[in-house]
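This document opens with one chain alone, in structure tokens, the form predicted on its own.
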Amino acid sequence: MTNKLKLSRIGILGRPTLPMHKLHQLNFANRYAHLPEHFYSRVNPTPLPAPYLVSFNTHAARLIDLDSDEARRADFAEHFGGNRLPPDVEPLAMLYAGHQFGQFVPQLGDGRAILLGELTNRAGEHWEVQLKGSGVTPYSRRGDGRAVLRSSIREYLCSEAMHALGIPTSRALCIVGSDEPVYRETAETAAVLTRLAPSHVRFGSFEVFFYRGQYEHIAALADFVIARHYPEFSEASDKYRLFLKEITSRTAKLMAHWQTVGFCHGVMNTDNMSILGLTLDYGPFGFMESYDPGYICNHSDPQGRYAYDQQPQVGLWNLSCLAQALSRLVSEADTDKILESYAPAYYQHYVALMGAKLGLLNPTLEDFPLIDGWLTLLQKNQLDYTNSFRNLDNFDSAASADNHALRDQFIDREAFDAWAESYRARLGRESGTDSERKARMDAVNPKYILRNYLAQVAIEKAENQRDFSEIDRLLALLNKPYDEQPEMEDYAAPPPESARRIMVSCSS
């Protein structure tokens, strides 16, 4: 008995396991609040009437060492609905501007989000805690400052799905709901989403001061971000150049990640672009179903500025806006070289990721025609993007194999046969067996994604029945997107005809 007690208190490295934090033990700091008040406005959340817990994410709770049992406390919803704040928080709404659908808007800012502060976990990581939907701020622009339950569920699920797919993203701790009416296209109910990220600074955080001619604030913000998130550059004489170069590299990699999982952000305005290369501000997003390069997930974007196939180019355009804001700190010659590095970096990451999805051990740019040929097949045959990659793991590379099960999914079987010969020849230049390739492919090709119709089912149950079980079910499913989960097999199916081409708007 004594030995068992000792083992229960020993971590995997033989060190005592510290207890998880309780709500009253969360010690907030707010280094952003130590900047001059040019960068934000101090504001408290608006209390949420009769709040109740909708869902709690134990995986995100571990990021801030929060004991999961705390979610059972009667006052938990009061804390994360914005009604009861710890005594040491310094809540604020961040100021920024941004290019929205290509047009510069001189002042935006957190119109419905309030940053409580940051928590440092036992690993020394810093996580900012933000309440999204927590009421009016000076940047609400005649808005109500609230989020609706519908959009909160979508962001909550998608940010966690993206994390499980290995894509840099903000995280979501919990949703707190209320029966308070919020008016969008129709009357809906309010919710507050607790969002976690190492930083919520955006490209637009720099743009606002560039267009105001307040260049000293740009330098101050850059110094702050570098010291906190890029300390390896702090002592360099060209730290701002290195800063811009790193953001460019991270953004290129992020765009490659989005493209390879078929994710469409929907609103790639510069105020939604993270200086850490995170996926930020989930609104009218969508995972592509049938492969369509021109897929538009946002019905507020009829021209398709932010269509799926435009995202990599928009990433570069947004970086050029950030570079302009930093133009007093980085020379034009250096800026040009950095921006010119974006496309090669993007394609390098893209081919590496897509090659891995095809099971290639050592993909190179020479494999681009093979990748493009597969995508062309999917487009012409209107096949499901996610499922087609997942099913390709069963490809038989033997010279005599006909691969009927795969072949029969294509209307144009002869086109599949021609591509299959190229694929077989490419696989033949690498070592390993089909079973080894299958294992590699299943580790990078998800079986489960957050399809819009699945999210909609969860939303309707939550809105109409106050049944939140489907949210938790999806959260558990999407946390293991690559695993076979036989009891959840139906969740891998393409949408029914009635749910195809679901589009959402910026009000989502």
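The first residue of the shown sequence is 1; numbering continues from there. If you're wondering where the values come from, they're calculated on a predicted model, not measured in any experiment.
Keep in mind that the form predicted in complex with adenosine monophosphate (AMP) is missing from the display, and what follows is about it.
For the candidate set Phe389, Phe285, Tyr96, Tyr291, a heavy atom within 4.5 Å of adenosine monophosphate (AMP) in the model of the complex is found for exactly one residue, namely Tyr96.
Shown without its partner, this chain lists Leu358, Leu116, Leu108, Leu326 as candidates; in the model of the complex, only Leu108 has a non-hydrogen atom within 4.5 angstroms of adenosine monophosphate (AMP). For the three marked residues, Arg141, Arg184 and Asp281, a heavy atom of each sits within 4.5 Å of adenosine monophosphate (AMP) in the model of the complex. Although the partner is absent here, Arg146 lies within 4.5 Å of adenosine monophosphate (AMP) in the model of the complex, judged by heavy atoms. The shortest heavy atom separation between Glu128 and adenosine monophosphate (AMP) in the model of the complex exceeds 4.5 Å.
Contact annotation: Ser170 falls outside 4.5 Å of adenosine monophosphate (AMP) in the model of the complex, judged by heavy atom distances. Contact between Gln100 and adenosine monophosphate (AMP) in the model of the complex is found at the 4.5 Å heavy atom cutoff.
Segments offered: 133-141, 381-389, 302-310, 203-211. Contacting adenosine monophosphate (AMP) in the model of the complex at heavy atom distances within 4.5 Å is 133-141. Along 271-289, these residues reach a heavy atom to within 4.5 Å of adenosine monophosphate (AMP) in the model of the complex: Asp271, Asn272, Asp281.
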